[in-house]
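Listed next as structure tokens is one chain, alone, in the form predicted on its own.
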């Protein structure tokens, strides 16, 4: 297990290096830069613009800029944002936390409802399949937009206004926090739900034919006991893998919902940084998303190793 973990960590480091280098190179190869967008500002003189451009060292090569960014990553500040005039670390930290809160709430709701619906069988299972098919047929952006229109129409659960200067000011109280997070989290839950429900239903259907499950049903054990002690553990492997993918998508899955509902997370910040050509902010956001994706896969592998004794025997 230790050797496998060391190999996965080495692969993760190589992946992070490749992702950061590719993202950095693509952004640097795009025409224009942050100062090109500043030329549209009517109150900014040419002398001031030239002075700002010289401070950014425009003659540095791609390799020099990438090495400078790697040094800033090792120092922990992730570089300096040109648009916000502050370290990228201080800019991203509260936004990433808000994104994680929203994504975790949406993912947790989808898992709870998905597992409960997957436990339904018999005549009501047809209604569950129809409900899942309906959610599959509606694209996630359309579903989130419908929720937003309904909230604005009935003046219920109005979206939280975005505060780019200090995202935590509008989340000061628990009541306002729950009021603000409920609608976007619900939209995210319904986006996650069809995938979780399909995997849960297929896993439960396959696990019903397991000898342990059939033996528990023959002995006449209560349905809740059969579900929790026998059926769910038999169907856990694919669900654990899906759970790891859900952890990996915590930063990326909610970006559209954040922009649509004005949630002060990573999505609006990255969108603004892309338009302003604030390269280091975009690179840091992509790097954080890739890091979480790798961490999610590692967590899923660890949970599978702990849950399935066959994997432990194979690794030993």
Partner chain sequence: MTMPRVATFILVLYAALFLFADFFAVTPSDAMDPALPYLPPETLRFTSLTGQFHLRPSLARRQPITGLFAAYSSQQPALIPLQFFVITESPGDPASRHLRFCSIPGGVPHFLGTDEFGRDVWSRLVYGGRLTLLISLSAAFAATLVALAVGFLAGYAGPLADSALMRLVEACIAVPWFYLLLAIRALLPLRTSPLLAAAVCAFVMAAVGWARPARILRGAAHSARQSSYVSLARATGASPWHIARWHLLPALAPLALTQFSILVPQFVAAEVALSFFGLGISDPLVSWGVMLAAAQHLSAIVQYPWLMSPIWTMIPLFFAIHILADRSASASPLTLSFLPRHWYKLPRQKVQGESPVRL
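Positions refer to the first chain, counted from 1. On a predicted model such as this, the values are computed, not experimentally measured, just so you know.
Unshown form predicted in complex with the partner chain; subsequent notes refer to it.
Scan 73, 104, 242, 117 and let me know which has any heavy atom within 4.5 Å of the partner chain in the predicted complex.
-> Looking at the other structure, the residue within range turns out to be 242.
In the predicted complex, residue 199 touching the partner chain (heavy atom, 4.5 Å) = Contact with the partner chain, yes.
Any of the heavy atoms of residue 65 lying within 4.5 Å of the partner chain in the predicted complex?
-> Residue-level check for residue 65: no, no contact with the partner chain.
Touches the partner chain in the predicted complex: residue 222 (any heavy atom, 4.5 Å) = Output for residue 222 is no: heavy atoms all beyond 4.5 Å of the partner chain.
Given that the partner is absent here, does residue 22 sit within 4.5 Å of the partner chain in the predicted complex, heavy atoms only?
-> Answer yes; at least one heavy atom of residue 22 falls within 4.5 Å of the partner chain in the predicted complex.
Is the partner chain in the predicted complex near all of 108, 112 and 124, within 4.5 Å of a heavy atom of each?
-> No, none of 108, 112 and 124 comes within 4.5 Å of the partner chain in the predicted complex.
So which bits of 269-291 sit within 4.5 Å of the partner chain in the predicted complex, heavy atoms only?
-> Read in sequence order, the residues that approach the partner chain (within 4.5 Å, in the predicted complex) are 273, 274, 275, 277, 282, 286, 290.
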